[in-house]
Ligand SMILES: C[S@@+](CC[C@H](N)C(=O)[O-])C[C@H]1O[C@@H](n2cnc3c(N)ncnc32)[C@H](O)[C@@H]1O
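Only one chain comes next, encoded as structure tokens, the form predicted on its own.
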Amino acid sequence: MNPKPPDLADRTIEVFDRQYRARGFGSQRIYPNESLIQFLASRYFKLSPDDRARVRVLEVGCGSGANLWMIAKEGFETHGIDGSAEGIALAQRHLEEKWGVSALLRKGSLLELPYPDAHFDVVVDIVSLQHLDLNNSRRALDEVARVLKRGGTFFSYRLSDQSVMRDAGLRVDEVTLSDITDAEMPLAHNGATSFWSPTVVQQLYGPAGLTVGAVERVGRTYANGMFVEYLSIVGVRD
């Protein structure tokens, strides 16, 4: 097994900082993740406006705000955190200038969330925690569980072990590449990237104090025929 490069998480943040500076809003999608919409719709959209305003939602790794604006627009108390200062700046503009909404945004580490214990009803992760290796994933899940209220929900959408790129780079642990180095592959050169199976989900969620409520495989085939699959995961704080 190849040794883990130093400061792998910091290097990945630098990758995204460069992308945000070079491409602005074009570096990520502008509209929210479909599986996240389905999750929120099934559990929270039925609430009255007053009740929604009392639901506190945090997106970890919020990037340029593609999901945050929808959460804010739907009337939830909306928070976002990202390690990239460039991403946070774009998110602020995205929410205010395009959608006329606001959220409480912070630059910070996903491994040391700057929030009190049991502060949030919902935490969401859309293809952000997949950029952590196993050791840092455990730390991040501990933090997610810490800031969630008991009975609160954690929705995560991340690459699965069935994706075509899972071996397209140097491996730093059983499930993580230091980078997808093959430029022909989807999502190449986005820094550290991990590919989980449902078994890995169960192994890591339990010790963090999260009960796995559902794991769904969601796949897509690119125009070149390459198959990429994600896991849509719902966890509940014990």
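Residues carry their position along the shown sequence, with the first being 1. Note that the structure is predicted; figures quoted are calculated from it, not measured.
There is another form of the same protein, the form predicted in complex with the named molecule; it is not shown, and what comes next is about it.
*asked:* I have Ile37, Val55 and Lys149 flagged as a candidate spot, so tell me whether each of them has a non-hydrogen atom within 4.5 Å of the named molecule in the model of the complex.
replied: Contact check failed for every one of Ile37, Val55 and Lys149.
_If we define contact as a non-hydrogen atom of the residue within 4.5 angstroms of the partner, is Cys62 a contact of the named molecule in the model of the complex?_
Result yes; Cys62 sits at the interface with the named molecule in the model of the complex.
*Although the named molecule is absent from this view, report whether Ala9 comes within 4.5 Å of it in the model of the complex, heavy atoms only.*
Result yes; Ala9 sits at the interface with the named molecule in the model of the complex.
*Verify the contact flag for Arg29: yes if a non-hydrogen atom of it lies within 4.5 Å of a non-hydrogen atom of the named molecule in the model of the complex, no if not.*
Although the named molecule is absent here, Arg29 would touch it in the model of the complex, with heavy atoms inside 4.5 Å.
*Is there any non-hydrogen atom of Ala66 lying within 4.5 Å of the named molecule in the model of the complex?*
Taking the distances in the model of the complex, the answer for Ala66 is yes, it comes within 4.5 Å of the named molecule.
*When the named molecule is placed as it is in the model of the complex, which of 77-85, 141-149, 96-104, 164-172 ends up with heavy atoms within 4.5 Å of it?*
After filtering at 4.5 Å, what remains is 77-85.
*Which one of Leu159, Leu90, Leu110, Val122 is close to the named molecule in the model of the complex, taking close to mean a heavy atom within 4.5 Å?*
It is Leu110.
*Stretch 116-135 - residues with a heavy atom within 4.5 Å of the named molecule in the model of the complex*: Counting only heavy atoms within 4.5 Å of the named molecule in the model of the complex, the contacting residues of 116-135 are Ile126, Val127, Ser128, His131, Leu132.
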